[in-house]
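Coming up is one lone chain in C-alpha cells, specifically the form predicted alone.
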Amino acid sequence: MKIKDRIFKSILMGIGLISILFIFLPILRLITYSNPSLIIDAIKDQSTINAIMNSIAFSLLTAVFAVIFGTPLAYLMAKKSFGRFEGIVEAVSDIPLAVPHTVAGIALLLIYGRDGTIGSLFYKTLGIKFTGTSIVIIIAMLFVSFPFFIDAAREGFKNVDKALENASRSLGASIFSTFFLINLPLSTQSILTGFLSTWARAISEFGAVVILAYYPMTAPVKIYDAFTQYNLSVSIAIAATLLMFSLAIFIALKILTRERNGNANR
C-alpha cells in the first residue's frame, strides 16, 4: 500500500474513531456515573418499572403498527405508484423528521384531543377520550418514528431485482402473489431494520408524548418527572435503568435478526 493511501486510511480511521467515541462516551458516562444504590432503588420502585415497561410495550406496538401500515405505503412508493405526486408523497412521509416533537404533540392534540377533529367525534358519540391514554401515546410514537420504517422498507423494495418480478408475472402470477412470494421475502431484512429503527426511536420519545399524555407514564416522562421533583442523581439512575433495559432488548433483537439472516443465507 502506498504511503499516501496509508495516510488517507489513517485519517479515515481517526475520524471514524472520533465518531464512535462521540456516541459511546456519553452512554458509558451515564452508566458509570450512576450510583449503584440509586439504580437498585430505581429497579425496586414499581412506578419506575411500570414506566419502563410502558415504554417497551408501547414502542413495540408502535413498531408493529409501522410494519402493518407502512409496508404497503413503502411498496407503493418504491414502485413509483403515485405518478406525478410521487415527490409530494415522499415529502409528506418525511415531514415528522423535520417537525419539532413538541410541535408534533400540539398538532396531534388538535386531531386527537377532546376538542380535536377526530377526538371530539369519538368523545361526543362514544364517550371515548384519547388524551391521557395508552392509545394516544402509541399514536404519538408512531407519528415521530414512522419515517424511519418507511424509508428503510422502501429501499428494500427498490432493491428487489425487477427481472424476478417480471418473471413471476410472465409465469402468470398476480401482483398479489408476486408481492408475497417475491417482493416481501426479498425485502425482509430492510423491513426488520425499519422495525428496529422505529422501535428504538419510539421508546425514547418524550416531546410529543408528554403533551398528549403525562399518564400512563413512560420512561422518558418518568425521567423528566424525577428531574423536576427530586434531583439529577435520581433521574440519572432511572435513565441508566432504562438504558440497560433498552440495550438488552435491542441487542437481543439484533442477534435474532442476524441469526435469521445467517440461516437464510445458508
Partner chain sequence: METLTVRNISAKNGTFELSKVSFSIKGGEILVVLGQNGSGKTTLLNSIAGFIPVMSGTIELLGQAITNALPEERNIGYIFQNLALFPHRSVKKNILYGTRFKKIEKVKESFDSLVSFFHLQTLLERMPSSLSGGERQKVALARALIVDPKVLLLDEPTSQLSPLEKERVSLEIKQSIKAYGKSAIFVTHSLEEAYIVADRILVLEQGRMLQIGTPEEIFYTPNSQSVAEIGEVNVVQGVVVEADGNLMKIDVNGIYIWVIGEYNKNDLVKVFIRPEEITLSKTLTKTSARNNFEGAVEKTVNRGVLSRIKIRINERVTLNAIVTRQSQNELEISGGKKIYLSFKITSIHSIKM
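Numbering follows the first chain given and starts at 1. All figures in this text were calculated on a predicted structure; none of them were measured in a lab.
What comes next is about the form predicted together with its partner chain, which is not displayed.
Among L186, L110, V99, V92, the residue placing a heavy atom within 4.5 Å of its partner chain in the predicted bound form is L186. Out of the listed residues I128, L164, I118, L76, L164 is the one that sits within 4.5 Å of its partner chain in the predicted bound form by at least one heavy atom. Of the candidate stretches 190 to 198, 174 to 182, 132 to 140, 146 to 154, only 174 to 182 has residues with heavy atoms within 4.5 Å of its partner chain in the predicted bound form. Of the heavy atoms in K124, none are within 4.5 Å of its partner chain in the predicted bound form. Contact between R169 and its partner chain in the predicted bound form is found at the 4.5 Å heavy atom cutoff. No residues of 107 to 137 lie near its partner chain in the predicted bound form, the criterion being any heavy atom within 4.5 Å.
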